[in-house]
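Just one chain follows, in the form predicted alone, and it is written as structure tokens.
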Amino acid sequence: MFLLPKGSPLFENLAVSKLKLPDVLTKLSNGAFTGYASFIFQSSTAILVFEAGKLVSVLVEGENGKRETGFEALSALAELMITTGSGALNVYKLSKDLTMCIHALLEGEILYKAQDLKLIDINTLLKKVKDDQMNGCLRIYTDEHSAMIFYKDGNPLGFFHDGASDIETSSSESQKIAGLPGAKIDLFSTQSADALMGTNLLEVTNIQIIWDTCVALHKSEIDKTNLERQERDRKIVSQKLAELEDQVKSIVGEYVGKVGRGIVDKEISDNGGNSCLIDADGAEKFMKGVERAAKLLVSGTNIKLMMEKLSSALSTGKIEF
């Protein structure tokens, strides 16, 4: 995404996680705001251009330079705000004419794109811009440097280069970049600022529905993820309980013989299932029941050893939920 002139800041570095898109747009619209709002995320940037409170342009640029505009961009921005949990909002006030130029840069007609400057007669191009009374932006850049010249009715409004915070009146930086090896140009044109006034995306899109839909989808995804995790946890607990039950049966069987498994089955059943093995009260009742039944079959010494092993198995077989 291009660096843009900051103009007069209204808000800077507001935490996006605390904002709702419908509220932001309503505030800027009702305030007859002219300028742009930028939403900066880790791997995406969104620019919203306003003219006298009308939303005339929306652009979202994501990873790999993928761009979305209009309704799709608003939906993408809402999703980013809801799902990322991070990001910053900056809002800068610009003049109507500069706002028009920002619109040209983001969504205007592309007359030249990545054209090698040495193959262009720049004087002829600038004469055409003036003769055609063009509104728009000429971008001059290399891999390391960039500058923009904004035009209204064919006349330069000002100059902006990476590293500056606002529009300048001097063209020296643009001339320096134009003289660098490998310099290229982009040229974008657009309608006049007055013509752009006829566009208002807020009138043709229901931002509240877009927001509510994204919120509902995000909640649905979270609920689905939670259910899947709970199911995985349930299966893990079930498997661990089955393993613990087998271990207990082996211990009891070691001391009382084959009937030991039957004793364990009965006590587990009487105490509500094998989950009693990991419940403090349930385990105590289970142990007493096994001990009571075993006393009818084996001597006290063996019972003591068996109970010690059972106690150790149950204490080390605790399952984290």
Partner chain sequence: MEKFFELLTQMNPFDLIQVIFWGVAGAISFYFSIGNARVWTSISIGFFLIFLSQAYGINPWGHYQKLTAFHYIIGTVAIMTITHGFLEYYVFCRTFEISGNKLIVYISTIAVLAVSGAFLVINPTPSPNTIRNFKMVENAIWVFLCVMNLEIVRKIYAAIKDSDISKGFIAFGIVFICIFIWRGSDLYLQIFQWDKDWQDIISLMTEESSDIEEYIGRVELSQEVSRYAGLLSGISVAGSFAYMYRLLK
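Residue numbers count along the first chain shown, from 1. Keep in mind that this is a model prediction, so the values were computed, not measured. Between two forms, the rigid core is the largest collection of C-alphas that superpose within 1.5 Å.
A second form of this protein, the form predicted together with its partner chain, is not displayed here; the remarks below concern that form.
* Asked: Closest heavy atom of residue 301 to its partner chain in the predicted complex, within 4.5 Å or not?
  -> Because a heavy atom of residue 301 falls inside 4.5 Å of its partner chain in the predicted complex, the answer is yes.
* Asked: If you check in the predicted complex, is residue 266 within 4.5 Å of its partner chain, heavy atoms only?
  -> Yes, residue 266 is a contact residue.
* Would residue 262 sit within 4.5 Å of its partner chain in the predicted complex, counting heavy atoms only? -> Flag for residue 262 set to yes.
* Asked: Applying a 4.5 Å heavy atom distance criterion, does residue 296 contact its partner chain in the predicted complex?
  -> Yes, residue 296 lies within 4.5 Å of its partner chain in the predicted complex.
* Asked: From the list 256, 37, 283, 28, which entry has a heavy atom within 4.5 Å of its partner chain in the predicted complex?
  -> Checking each option against its partner chain in the predicted complex, the one that comes within 4.5 Å is 256.
* Just one of 66 to 74, 248 to 256, 52 to 60, 274 to 282 has heavy atoms within 4.5 Å of its partner chain in the predicted complex; which? -> Among the listed stretches, the partner-contacting one is 248 to 256.
* Asked: Using the core for the fit, does the CA position of residue 295 change by 2 Å or more between this form and the one not shown?
  -> Yes, the C-alpha position differs by at least 2 Å between this form and the one not shown.
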